[in-house]
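Given as structure tokens, the chain that follows is alone and in the form predicted alone.
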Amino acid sequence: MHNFPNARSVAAEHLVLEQLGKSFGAVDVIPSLSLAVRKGEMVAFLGPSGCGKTTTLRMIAGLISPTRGRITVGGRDITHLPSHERDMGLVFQSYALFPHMTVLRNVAFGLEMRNVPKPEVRARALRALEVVQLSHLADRKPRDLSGGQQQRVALARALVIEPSILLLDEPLSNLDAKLRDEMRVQIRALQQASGITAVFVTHDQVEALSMCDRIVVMKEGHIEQFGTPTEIYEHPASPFVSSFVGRTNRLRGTSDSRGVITVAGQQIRAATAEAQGPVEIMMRPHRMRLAPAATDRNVPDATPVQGQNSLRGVLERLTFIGDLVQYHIRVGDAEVMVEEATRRDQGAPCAGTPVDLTWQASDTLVFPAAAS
């Protein structure tokens, strides 16, 4: 199930975690975690609340001590170094700006603590504010800024010290949807322009998929999968990854030795169906299509079109969400959702209408039922 690179074999590795673990009393929050982050890439730690992603970030930052294992940066062991000696920039969910200081002083604070000469402090702080396009607000206090502006000040403060690694702990969760979209683009552009290595903790799959080079999907202190956004989305290593990253339909079925899968008394195929016996079938809603039930169709006995699957169901309801319509179809004792882009002149079948669901066999994910 685990899919992380060997910490010793990754070219240009920069941040390496080796069998890192954390226990609080008798509870193993992180049993053992190993991975390597390459220099200049942005990696997301993605998972639900309580999966251990923030604990991992805090160990990297030196805010809490690991119970076991090792952390190295550029080959240097920093496992037991205090936070202020780790050469890392931190951006928190709460921004953590000093309310009594101006924007410029907030950004300059880290340089002052490092005893940088005063003329250089001001020049570097102003340059950092220019990078985040806030130099015109240098004399304002944080209370006079919007949430997005405060976030950019926090980012400038982290970048001004020119850290080896930038750590971001759910920095966009306090922003509204539109501002989150804008800040995703800005943070990613700044990270790529500076070439800094960055670790990003989030529970938001869209942030992880759109901003990062690779994603660590975590569950209960373990790495479920480590790969590129495309790998994670298109080739999930487990039902958990498939369900957590993107919307997914889940159906129970049985696979025979020929790779034919029986679901709700109907037969479909997958591009690869290695599992036999009880299986779990997963399909992305936007990869499926809805059509009126064919009048001449009895019990489907396999794919009616080469490489295409089809299931008969009954439309229960639909949900309009602006750019998409979600159709909810009853197939046996399960519900399947199909997503289609909306059109101005779009009509819709009525609830209770028999419908056929079609999708490509290559878009069918199959897992042993015991793996869910």
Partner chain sequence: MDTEKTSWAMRILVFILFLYLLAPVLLVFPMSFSGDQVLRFPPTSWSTRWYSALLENRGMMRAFWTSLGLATIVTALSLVIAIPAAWTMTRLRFPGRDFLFNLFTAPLLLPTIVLGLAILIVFASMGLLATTQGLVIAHLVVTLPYALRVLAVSLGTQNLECEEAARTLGARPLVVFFRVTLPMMMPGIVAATALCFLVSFDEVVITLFLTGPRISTLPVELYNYVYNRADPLVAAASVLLILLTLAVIMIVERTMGLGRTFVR
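Since the model is a prediction, treat every value here as computed from it, not as a measurement. Residue numbers count along the first chain shown, from 1.
As for the form predicted together with the partner chain, it is not shown, yet the points below apply to it.
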Checklist entry - residue 220 near the partner chain in the predicted complex, any heavy atom under 4.5 Å? => result no
Next on the checklist: Considering non-hydrogen atoms and a 4.5 Å limit, does the partner chain approach residue 114 in the predicted complex?
Outcome noted: yes
Checklist entry - Does at least one non-hydrogen atom of residue 58 fall within 4.5 angstroms of the partner chain in the predicted complex? => result yes
Next on the checklist: Using a 4.5 angstroms cut-off on non-hydrogen atoms, would residue 98 count as touching the partner chain in the predicted complex?
Outcome noted: yes
Next on the checklist: What I'd like checked is whether 84, 90 and 110 together line the partner chain in the predicted complex, meaning each has a non-hydrogen atom within 4.5 Å of it.
Outcome noted: yes
Checklist outcome for this item: the partner chain in the predicted complex has a heavy atom of only one listed residue within 4.5 Å, and of 124, 180, 188, 105 that residue is 105
Item to check | The single option of 161, 132, 73, 270 touching the partner chain in the predicted complex, heavy atom within 4.5 Å | outcome: 161
Item to check | Partner-facing stretch of 333 to 341, 314 to 322, 61 to 69, 30 to 38, counted where any non-hydrogen atom is within 4.5 angstroms of the partner chain in the predicted complex | outcome: 61 to 69
